[in-house]
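One chain comes next, on its own, written as structure tokens: the form predicted alone.
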């Protein structure tokens, strides 16, 4: 019996390693970006029944696990308040160092509001550089102005 979404994520990661699958292959199979697909398989997004069935087949999941993929997850479920994984910590550090700058520049350009993490897309690519390859990350979220009432 499966009691939470984290168990399904563990099943997916185990099968991914065993089958040597890449997230881009899973994304192609369900017709979504590799970024969204990875987030979904790691338990941060809800899959449709059709998507869950494909993921279930790719990762040899049973019907119960496939059903869990269709339930709205608890999002933002890092195991600690301050991340300990070095890569995730660097993103956390980036927001700590540049967050006020990003906020200031967004407010200057758009006004008072936020960038949506719901109406959102992300693209991560390798950028070749003779001094060492770079991570090229683009995040695009709809601007949502605060309302007055």
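Since we're looking at a predicted model, the values are computed, not measured. Numbering follows the first chain given and starts at 1.
We do not show the form predicted together with a further copy of the same chain, though everything after this point is about it.
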message: Within 4.5 Å, heavy atoms only: does residue 59 come near a further copy of the same chain in the predicted complex?
response: no
field: Partner proximity in the predicted complex: residue 114 to a further copy of the same chain, non-hydrogen atom cutoff 4.5 Å
entry: yes
- prompt: Can you check whether residue 45 is within 4.5 Å of a further copy of the same chain in the predicted complex, heavy atom basis?
  reply: yes
query: With the partner left out of view, is residue 54 within 4.5 angstroms of a further copy of the same chain in the predicted complex by any non-hydrogen atom?
result: no
query: Can you name the residues of 94-109 that have a heavy atom within 4.5 Å of a further copy of the same chain in the predicted complex?
result: 94, 95, 96, 97, 98, 99, 100, 101, 102, 103, 104, 105, 106, 107, 108, 109
